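Below, in structure tokens: the form predicted alone, a single chain.
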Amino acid sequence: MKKLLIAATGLALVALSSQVFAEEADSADVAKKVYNQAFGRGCGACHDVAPNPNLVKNINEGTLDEKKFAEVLKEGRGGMPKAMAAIMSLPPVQKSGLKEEQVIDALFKYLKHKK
């Protein structure tokens, strides 16, 4: 009986870890699609071009943390409009069921690892 309980627990842990990995992979895919589709042109249309802020560089250099990133997405800044409504309306985001904070986190992580 004890061996059966240990085996069942092991299977449950494997299933849960697989689910977490799948959710992280889905979030990364959604983030990539957001970066490429936001505002119909993608974030890179502005942020991969000087003199606009280079998000990847700023995140990796530590000059843009996730809290400030989220604030700018929600409130806008300078020429950057409030973006969260547009982001949350994208089909990949709606299909994913991710909440706003999850999308921000996934997008920040995507940018941190984008080359």
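This is a predicted model, so every value here is computed, not measured. The first residue of the shown sequence is 1; numbering continues from there.
There is another form of this protein, the form predicted in complex with a small molecule, and it is not shown here; the text below is about that form.
For Asn52, a non-hydrogen atom is located within 4.5 Å of the small molecule in the predicted bound form, even though that partner is not displayed. Contact annotation: Asn58 falls within 4.5 Å of the small molecule in the predicted bound form, judged by heavy atom distances. In the predicted bound form, the small molecule stays beyond 4.5 Å of every heavy atom belonging to Lys32. Residue contact with the small molecule in the predicted bound form: Gly62 places no heavy atom within 4.5 Å of it.
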